[in-house]
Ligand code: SAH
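The chain below stands alone and is given as structure tokens, in the form predicted on its own.
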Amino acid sequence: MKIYLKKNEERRINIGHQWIFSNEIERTEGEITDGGAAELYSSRNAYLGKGFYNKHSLIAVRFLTGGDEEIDREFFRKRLKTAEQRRRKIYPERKSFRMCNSESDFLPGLIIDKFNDNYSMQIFSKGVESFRDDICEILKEEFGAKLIVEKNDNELRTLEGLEKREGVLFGDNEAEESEIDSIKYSIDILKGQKTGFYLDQAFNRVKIRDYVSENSKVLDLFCNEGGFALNAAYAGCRDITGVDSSEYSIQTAGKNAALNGFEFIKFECADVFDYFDKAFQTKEKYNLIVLDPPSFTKSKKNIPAAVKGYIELNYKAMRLLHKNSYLFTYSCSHHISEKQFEEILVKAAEQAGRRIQIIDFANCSYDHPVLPQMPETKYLKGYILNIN
């Protein structure tokens, strides 16, 4: 099958973008197979490469290669080996990391997280879905997988015409202890959120160790399974509270604290906005607050509401901090840019009557690479602020 693009629509592909939208296609030739690999051509008949085609998706083509190689099991094996070796070269001792980061590892629509010998997989492409069993075999044969779980209960699959589902593809699922940056975690990849555990904040969690002492009072909001709180405790802090609205996350956070001998951390299941109201009544103040909320918007139309929510969260956190204290604040909303997030922080500071300094900027951990030519791959942004 051949796909011909409209005039000049090859420009984004030529600079490294991985998607072709349905309105950029001029015509197709040959048998149209949803999820099949198609050859791509410019309007001037210049060969561009190959990609998975889905006529029912707004993302009509997910680009795979600029060459003429076969899209088969060997293609996936090579790409996965390259992705894994790149991470091994940077941090050879790590046993838990994101092994494949979709478009950013040139396998669009495929995410694989590794936890020791357990693997969690998400598929958002009809083309990749047809290679699911091959990918499982590759994980077993090349990487010694003992457990493979699919975490495909995601709305993005619906947009691709794929059913949502979760389950064990190979092995026996049970919670397993994993050590990340000298901290032990009980990780059940089937029950946990997203791929089972948030690895994208791993390096940012470690940074908290440089900002706390045994005399610090720390509040970890949207704490999930306790990552920031545990790292604060590792650095010697003993007055730590973690808050999350998920009962499962709070229970797991408590289990993680016990694993590391940090039973003194207080974890509370509560809505963060409600917790703020309670904290204002007690007039408690903190030396460091972490704000790591879930994405407030999945589309551009919800940006105004998201901005309002981020401003409220940040100004309330600033009001709860002592002078010369720290705020670790994050946004994982792709539609909120760095510039816009900085404007949010300025407005929050104004409302809180505080002065702020940017001490550090944070992106995803090394195993979540970003394609600068594809803004969609850059979602996490965070700031360490000094609050006065």
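Everything numeric here is computed off the predicted structure, so don't read it as measured data. The numbering used is simple: start at 1 and walk along the sequence shown.
Keep in mind the form predicted together with the ligand is missing from the figure; the text below concerns it.
> Please determine, with the chain shown alone, which of 132-140, 265-273, 301-309, 145-153 has non-hydrogen atoms within 4.5 Å of the ligand in the model of the complex.
Comparing against the ligand in the model of the complex, the contact stretch is 265-273.
> Quick one: from S178, S245, Q251, N173, grab the residue that has a heavy atom within 4.5 Å of the ligand in the model of the complex.
Only one option qualifies, and that one is S245.
> Quick check on this chain: which one of F124, Y211, Y198, F76 has a heavy atom within 4.5 Å of the ligand in the model of the complex?
Exactly one residue meets the criterion: Y198.
> Is the gap between P92 and the ligand in the model of the complex 4.5 Å or less for some heavy atom pair?
No.
> Find out whether any non-hydrogen atom of F228 is located within 4.5 angstroms of the ligand in the model of the complex, and reply yes or no.
Flag for F228 set to yes.
> In the model of the complex, does C223 come within 4.5 Å of the ligand, counting heavy atoms only?
Yes.
> Give a yes/no on whether E103 approaches the ligand to within 4.5 Å in the model of the complex, heavy atoms considered.
Because no heavy atom of E103 falls inside 4.5 Å of the ligand in the model of the complex, the answer is no.
> Can you tell me which residues in 288-307 come within 4.5 angstroms of the ligand in the model of the complex, by heavy atoms?
Sequence-ordered list: D292, P293, P294.
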